[in-house]
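Given as structure tokens, the chain that follows is alone and in the form predicted on its own.
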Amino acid sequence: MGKILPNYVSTTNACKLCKPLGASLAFRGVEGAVPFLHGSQGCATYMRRYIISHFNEPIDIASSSLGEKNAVYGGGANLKLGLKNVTQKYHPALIGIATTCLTETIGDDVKMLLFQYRQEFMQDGGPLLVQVSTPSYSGTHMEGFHAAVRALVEQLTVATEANGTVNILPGFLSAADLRSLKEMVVDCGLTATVLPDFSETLDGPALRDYPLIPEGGTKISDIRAMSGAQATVEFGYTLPDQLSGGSYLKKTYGVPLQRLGMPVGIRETDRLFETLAEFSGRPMPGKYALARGRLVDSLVDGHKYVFGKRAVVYGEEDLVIGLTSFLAEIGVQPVLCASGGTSGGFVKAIGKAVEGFAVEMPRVHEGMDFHEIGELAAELKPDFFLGHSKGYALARGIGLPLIRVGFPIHDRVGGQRLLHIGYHGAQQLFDLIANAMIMAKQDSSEVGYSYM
């Protein structure tokens, strides 16, 4: 009798998060916006806790709080009551409504329900309502993030005259990355609409009084005028057209689209500055040329500590692609590039990321969980892991360093302040990796040493 194979695939420890969590983060990056989940209270509570643990900032995510009765009869009444309560308490400029597994499974017609709500309760005005479909069983938090950005562009942007600005859709960067990106744009003499921008709303200053909606975020008026930009720059080699705000602007309003990789490392950052120079007509500002030169000098100085090391890289697809390109630049061999995403373009993009560098093509897997990553890591014998905190148990079990990047970082402070992009980000990443390798060798030495 032949071996009977199971007709299902189980996930032991997912290397991804849920779609409405990603949508909530994107909505948080709009000025005056409140994220709202149409689903059970538990979903919103879980996401708030998860996001707060990384950003160390409070975040309110409203919920329609469906129960067993609503699962049978529908959640329309709860949705309308929830929107009414949020409007009265928060006075938001916009409510971003994301669906969950429950409401998608029972088949709530959210578009119709929102039409009814506008007719019943918004005759005298009220906040803008932007909706997005984000059932967790159909994708990852990154797909929810991009779907929310696309929904904001589709549902808010209107035809407008040319305004000379540049649209930048950066994807899921850290708060520090977003601040650095905006500084680069200004230094290049450009005016840009960065969507979303949670650099202040999820990483703000200490305040005497708690604001229900923190200041900051992309202005709604700027989103409306994105159709008049001279071009859109969108980060992400694996982003499909149906989730791309840049593709929508190009198709609907004829705004030229420039697709770049996440600017991690020298090569991808060079491409970003070349693109910005095309729009501004100016060369790279001197301070960035100096930062690039200092970075190259440090790579020469520290090459002996990292060259030939082997790394397992995991996380969101486009971040992993950027990190892989950077590792190849500094002489580290990526042996496994893994993600819970399933874009279908991951393998090809990793191939391009290592092209031209003296490293071999790594093993590349999408749709992976940490159990599978651990099995391959035991075979591939890496020197370190590069990824977020959810890989800590795996790295600890194998006895290898974990260099924390990306989201979520729950077991260290400052995850929201980690800089990944640009020459300054590459400098920080290189120092982290080189020092981790020095420490590993130092700690494993029989005598130890205090001088490199």
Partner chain sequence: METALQERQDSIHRTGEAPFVMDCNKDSLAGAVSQRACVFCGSRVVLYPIADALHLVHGPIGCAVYTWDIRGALSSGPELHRLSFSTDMQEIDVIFGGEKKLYHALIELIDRHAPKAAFVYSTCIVGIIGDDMQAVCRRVSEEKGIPVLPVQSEGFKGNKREGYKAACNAMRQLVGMGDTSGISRYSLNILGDFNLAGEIWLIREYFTKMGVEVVANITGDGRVGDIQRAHGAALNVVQCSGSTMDLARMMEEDYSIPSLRVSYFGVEDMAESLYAVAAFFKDEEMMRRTRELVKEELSLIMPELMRYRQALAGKRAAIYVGGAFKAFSLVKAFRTIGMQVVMVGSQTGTPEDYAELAEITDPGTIIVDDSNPLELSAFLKEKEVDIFVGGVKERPIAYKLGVAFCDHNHERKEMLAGFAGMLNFAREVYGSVMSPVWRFVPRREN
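Here the structure is a predicted model, which means the values were calculated and not measured. Numbering follows the first chain given and starts at 1.
The same protein also exists as the form predicted together with its partner chain; that form is not shown, yet it is the one meant from here on.
> Among 346, 370, 235, 145, which has at least one heavy atom within 4.5 Å of its partner chain in the model of the complex?
Contact residue from the list: 370.
> Under a 4.5 angstroms heavy atom criterion, identify the one residue in 230, 191, 221, 105 near its partner chain in the model of the complex.
Checking each option against its partner chain in the model of the complex, the one that comes within 4.5 Å is 105.
> Taking a heavy atom within 4.5 Å as contact, would all three of 180, 184 and 199 count as contacting its partner chain in the model of the complex?
Judged in the model of the complex, none of 180, 184 and 199 sits within 4.5 Å of its partner chain.
> Answer with yes or no whether residue 62 is in contact with its partner chain in the model of the complex, where contact means some heavy atom within 4.5 Å.
So residue 62 counts as contacting its partner chain.
> Check whether residue 21 has any heavy atom within 4.5 Å of a heavy atom of its partner chain in the model of the complex, and answer yes or no.
Yes - in the model of the complex, heavy atoms of residue 21 and its partner chain come within 4.5 Å of each other.
> Flag residue 115 as yes or no: does it have a non-hydrogen atom within 4.5 angstroms of any non-hydrogen atom of its partner chain in the model of the complex?
Result no; residue 115 lies far from its partner chain in the model of the complex.
> Are any of the heavy atoms in residue 330 no more than 4.5 Å from a heavy atom of its partner chain in the model of the complex?
No, residue 330 is distant from the partner.
> Of the listed stretches (379 to 387, 44 to 52, 398 to 406, 423 to 431), which one has a non-hydrogen atom within 4.5 Å of its partner chain in the model of the complex?
That would be 44 to 52.
> Under the 4.5 Å heavy atom criterion, name the residues of 341 to 366 that approach its partner chain in the model of the complex, in sequence order.
If the 4.5 Å heavy-atom criterion is applied to its partner chain in the model of the complex, 341 to 366 yields nothing.
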